[in-house]
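Given as structure tokens, the chain that follows is alone and in the form predicted alone.
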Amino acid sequence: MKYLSLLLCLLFPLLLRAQGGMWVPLSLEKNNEKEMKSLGLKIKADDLFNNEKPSIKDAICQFDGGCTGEMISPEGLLLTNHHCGFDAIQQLSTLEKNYVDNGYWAKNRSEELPAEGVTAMFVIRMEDITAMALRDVQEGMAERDRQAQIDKNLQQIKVNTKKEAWQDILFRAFYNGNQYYMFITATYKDVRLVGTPPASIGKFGSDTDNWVWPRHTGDFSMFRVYADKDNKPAAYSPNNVPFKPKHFLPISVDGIKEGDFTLVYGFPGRTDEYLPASAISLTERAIDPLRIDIRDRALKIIDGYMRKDPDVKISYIAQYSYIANGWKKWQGEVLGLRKSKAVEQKKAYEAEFTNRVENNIDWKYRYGNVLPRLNEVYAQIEPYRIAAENYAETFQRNNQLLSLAAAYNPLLEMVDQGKLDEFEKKKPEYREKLAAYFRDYRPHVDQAVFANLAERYANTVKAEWGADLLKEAANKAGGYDALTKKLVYNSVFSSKNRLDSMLNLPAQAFTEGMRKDPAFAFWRSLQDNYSKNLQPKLAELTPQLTLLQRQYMDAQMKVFREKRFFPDANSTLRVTYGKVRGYEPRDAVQYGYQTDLDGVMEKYVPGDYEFDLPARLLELWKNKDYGQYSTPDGRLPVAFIATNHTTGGNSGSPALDAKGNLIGLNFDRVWEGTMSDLNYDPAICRNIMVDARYILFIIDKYAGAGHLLQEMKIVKGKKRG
């Protein structure tokens, strides 16, 4: 009886928890409208998403392939996070025109700066195509044959689907391949920077405050989408005109209070909510700690150079933020998984699943071996997954030299395969990227990171998985520092001029030069070892996991009919909703739901690169010159939290009130809730949003860019635009 009580305590939160989830907007009326209304929604599901007429979904776009943005004016004005626009801001910056440190505000359309390569992708319509996608797919088919049949079906669907020439068709699998959706999209490629606060506002708190609450970051930037004269996507041209969206979001300055309904609309990247306990355990005790250790080493080295040299700081600030983002997220993920007892909850859930399956003849025949077999394969693949992640973090994600060398391998393979025409066509694409890459590359920084991580790798993997290879090379060179200096400074991949000269060579001379290059040869030896000793086992077991996870997903949906299952995030358009709410992360600690400018000043440290503040903001605070953006008690709101279920990709997503007005801009999650990618728990999972009033205050009072507000629709009194 005691065990049963414990089982029920662990199980029921998984089966009955309200809110949470990243819901397909096409199905809101069927699956979510009633619950959203009960939580406070005042508009219809049809207002949020409609394939046939303008709706709020037409204001939402995927920004630059990995974030979310939204239209906030009828003239294509786009709002997203500062960190989402940061690459573009950095690329447009120089030491003389330092938009990272000083910010930038276009005074008129002619001053809006083209953000090369940045895109805004809108969903025109979406459709459930599961029946057509899975036509002639039989149970028991080999994974390769199954996928081949699905690909054939999707190709036929693509041929039969009517669309405009400027539109694209995307297919995405849901529920681990048990369902399929089609998206008709339009991607706009002329996007221009309109305004950004300085990093001292847009990145205030930087990496120290990343993933934590209370938060005081004005994480926003503004762009404008341009189109041709017919409002269609077009490459950059001075003749293009501002894009006219079917819908744009009114912005409310009414503010929020605890318990208010909130909805976040965007393109969440990836979640894995339905994994077995064995997979969660692997992440908690092995994969995340490994990632954290490697990135901790890299960050300490880069930070040391950034603090000494302003040139390194501006060159590596984006790289540093990228590395630190995952590093801190994984720490919070481990903390949250342990605090929420995620593994224990999953085991209780699996016990109930097994009990139900065992007591149903049909389910026992079909699903009886799925979970045991899934756990068995996870046990088999565990050491290989750990080693593969070690390799990726060491030589791909945190090593610029070898990553660049690897990127050039396809050119060599084209020549080896006799595809000389393709080789010549591809070379200009590679050459075009040289200036941007080497603008921010500093060999001495990369070499220091390389030496540290290479030694760590050699001491943490099996001899046959690369340890012996590294140790032998280091001994021969006189140590890891000497080895990596030799590789970095003698390689064409650390010099723009030398790499450009290499690209100018004829095909055969190019391949000969590549093979003689010390960095490329070293990468090739590591990659060959990986391909020989690690990849085969991964290639053998991964398809088995794919099949079993799909079967397990199907089984869960059949066995737990009382539970609603939202599909895992896969970078497609989703809706999540909840309420403004504080939380208690641990014993005797309670956080409120709102921060304000007074809290910014409490963190202010003059001269500190994370907590310094511009003089203008200090002046506005001193004079309490907040305009219409203050609270009734005279404070200026900065950020707030709610129970919306978000993840990477939701950065830049609009936070909407019950009537569809923009009240905030999603940019982060609380540290203890970063495990929501694997185990959403409404008790501690919170998303963090910049308050719309702070955004408008910065634009208006700080930047003096009130002309931008004139094209927005600012609402008061909870009106709907």
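Quick note: we count residues from 1 along the sequence shown, nothing fancier. Small disclaimer: the values here were computed from a predicted structure and weren't measured.
The form predicted in complex with arginine is left out here; the points below concern that form.
Visitor: Of the residues 491, 549, 210, 73, which one places a heavy atom within 4.5 Å of arginine in the model of the complex?
Guide: Looking at 491, 549, 210, 73 one by one, just 210 meets the 4.5 Å heavy-atom criterion.
Visitor: Only one of 325, 403, 240, 187 has a non-hydrogen atom within 4.5 angstroms of arginine in the model of the complex; which is it?
Guide: Of 325, 403, 240, 187, the residue with a heavy atom within 4.5 Å of arginine in the model of the complex is 325.
Visitor: Given the stretches 457-465, 128-136, 345-353, 198-206, which is the single one in contact with arginine in the model of the complex, using a heavy atom cutoff of 4.5 Å?
Guide: That would be stretch 198-206.
Visitor: Using a 4.5 angstroms cut-off on non-hydrogen atoms, would residue 83 count as touching arginine in the model of the complex?
Guide: Although arginine is absent here, residue 83 would touch it in the model of the complex, with heavy atoms inside 4.5 Å.
Visitor: When the contact criterion is heavy atoms within 4.5 Å, does residue 63 count as touching arginine in the model of the complex?
Guide: Contact with arginine, no.
Visitor: Answer for residue 657 alone: is it within 4.5 Å of arginine in the model of the complex, judged on heavy atom distances?
Guide: Although arginine is absent here, residue 657 would stay clear of it in the model of the complex, with no heavy atoms inside 4.5 Å.
Visitor: Answer with yes or no whether residue 340 is in contact with arginine in the model of the complex, where contact means some heavy atom within 4.5 Å.
Guide: Flag for residue 340 set to no.
Visitor: Heavy atom within 4.5 Å of arginine in the model of the complex: which residues of 664-679 meet that condition, in order?
Guide: Result: 667, 668.
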